[in-house]
Structures are given as structure tokens and as C-alpha cells.
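Quick heads-up: it's one chain on its own, the form predicted on its own, in C-alpha cells.
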């Protein structure tokens, strides 16, 4: 299992430390781990799955 502190936000590249950050599998392919920091989640900054190209808010 990958430690959450080792993950980065898929949108901006910041580490996923702190309150409000999350990581989940791509809702389309279920293969790639998508990381989201609190700022990008709050501002709905788009992310793109490296595996299948799915783009989400």
C-alpha cells in the first residue's frame, strides 16, 4: 500500500498532506490512483487519469 504522504495531487503536484486531501481510484477505469489536495478539490480544478484519459472536476 502506498503511504498517503507519498502521493501527490494529480492536478497541481503538491503532496497530499493535510486536512481535506484525498486519494481514490479513477472512477472510469479503476486502475490509476487520483490524488486531490484540499485547494484543488475546493476550486474544482480538473484532473486527468494517466491510464484512460478520464477528466474529472
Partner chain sequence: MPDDEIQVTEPLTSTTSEGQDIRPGELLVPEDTYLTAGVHIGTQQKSASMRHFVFKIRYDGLYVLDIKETDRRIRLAAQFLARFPPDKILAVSQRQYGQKPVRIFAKTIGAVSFSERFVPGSLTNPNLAEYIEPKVLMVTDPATDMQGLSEAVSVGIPVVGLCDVNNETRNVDLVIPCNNKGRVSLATIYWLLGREVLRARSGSEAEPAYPLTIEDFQAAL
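Quick caveat: nothing in here was measured; it's all calculated off a predicted structure. Positions refer to the first chain, counted from 1.
Below: the form predicted in complex with its partner chain, not depicted.
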- Task: Consider residue 14 of the chain shown here, and say whether it contacts its partner chain in the model of the complex, taking contact as heavy atoms within 4.5 Å.
- Result: no
Could you confirm whether residue 21 comes within 4.5 Å of its partner chain in the model of the complex, counting heavy atoms only?
yes
query = Is there a non-hydrogen atom of residue 44 within 4.5 angstroms of a non-hydrogen atom of its partner chain in the model of the complex?
reply = yes
